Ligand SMILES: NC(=O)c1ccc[n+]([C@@H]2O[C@H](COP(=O)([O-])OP(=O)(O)OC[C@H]3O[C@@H](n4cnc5c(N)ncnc54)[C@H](OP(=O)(O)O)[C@@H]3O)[C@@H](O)[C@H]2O)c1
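Take a look at this single chain, the form predicted alone, given in C-alpha cells.
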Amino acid sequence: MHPMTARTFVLTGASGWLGQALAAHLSAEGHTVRRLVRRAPADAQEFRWDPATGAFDRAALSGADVIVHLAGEGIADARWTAARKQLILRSRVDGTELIAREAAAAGNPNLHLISASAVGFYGNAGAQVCDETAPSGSGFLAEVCRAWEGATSAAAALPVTHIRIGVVVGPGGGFLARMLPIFSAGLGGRLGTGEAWTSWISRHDLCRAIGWIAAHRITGPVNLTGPAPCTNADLTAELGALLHRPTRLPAPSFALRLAMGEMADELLLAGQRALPARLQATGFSFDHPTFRDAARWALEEK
C-alpha cells in the first residue's frame, strides 16, 4: 500500500491523551478515523464497544484498513494494590482479545491490527541495549506486556504489530505533566542512583511512527522509542536546564518505595535502554531525535 494512500483507521482509546493526538494527526494526513467508544456514539464516526460485556458494533470494521488499539487502564494512575494490578492486566487483555476476535471475524485478510504494548516488556534490563529481538524480562510490567501481546492470538492470520511504547513526551499530559510541577518548583532531582535508563519518544513522533507502520505494513514487535535513550540523571539535568531550575535534590530509593510501593521499583528505579531498530531499518527519521528536542517541543506547544 502506497504511503500516501488514504486509509480508514479504527481507534480504541481515542479519547485519551495519545488517542486524541493520533486521531488529529491521521485526519490531517487525509485518513478517515473511526473511534470505538464505550458510551453512546456522538456522531457517525463513533461506534460502541464494551470489553466487559463483549459488545462490539461490527459496522466499525466495515471497509476498514487499520485498527490501532490503544485502550487500557493507566499504569501509574494509582498505587499498585492487588486489585489495581488485576485491573491493569484485565483492561489490556480483555480489550485486546475482543479486538483480535472481531478483527479475525471481519473477513478482511488485509486488515492490519496495530496493538499497543510497552517497553516494560523487557523488564529491568539495566544498561543492556534492547532492540526488538531482546527477550522479555521479569516483573509485573513484563508479565502484563507478555499477556497483552499474547491476547492478539485470535488475529494471528492477519498482519499484527505490537508497538512497544516508551515514555511519551508531549504537551498537556503524560510524563511531563507529572514532572513539570516538581521541576518548576525547583524540587526536581535524579531518582535513586540516577542510573536507570529511560526510553522516551515525543508524542509527535509516536503519531508519525504509527502512520509509518501502517503505510509500510510493518508487522511483529516494533519499539516506539526515540533513537537516544538517556539515564535518569541525564534526563533530570536536561529538564532542569530547559526550565532553568536546579536539580540538586535527589529522591532516595527508600523514600520512593515508601511513597509508591512496588510501583517505584518498576516505574522509577528500573528502566529499559530500548532502541527503535525496526523503525530505523525501514527508513523512519525522527523529528525529535533527542530528549532535549522532544522536551523543548512539548514546552513550546504547551
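Note that residue numbering follows the sequence shown and begins at 1. All of these numbers come straight from a predicted model, not from anything done at the bench.
The discussion below concerns the form predicted in complex with this ligand, not included here.
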- Message: Within 4.5 Å, heavy atoms only, one stretch in 84-92, 99-107, 228-236, 183-191 touches this ligand in the predicted bound form. Which?
- Response: 84-92
- Task: Kindly confirm or deny that G13, G16 and G166 each have some heavy atom within 4.5 angstroms of this ligand in the predicted bound form.
- Result: yes
- Item | Interface residue in the predicted bound form among A125, A71, I114, A142, criterion: non-hydrogen atom within 4.5 angstroms of this ligand | A71
- Task: Could you tell me which one of R245, R257, H31, R38 places a heavy atom within 4.5 Å of this ligand in the predicted bound form?
- Result: R38
- Wondering, does P51 line up within 4.5 Å of this ligand in the predicted bound form on heavy atoms? yes
- 4.5 angstroms heavy atom contact with this ligand in the predicted bound form for I75: yes
- Message: Check F121 for me: does it contact this ligand in the predicted bound form (non-hydrogen atoms, 4.5 angstroms)?
- Response: no
- Interface residues of 195-219 toward this ligand, as seen in the predicted bound form [heavy atoms, 4.5 Å]: none
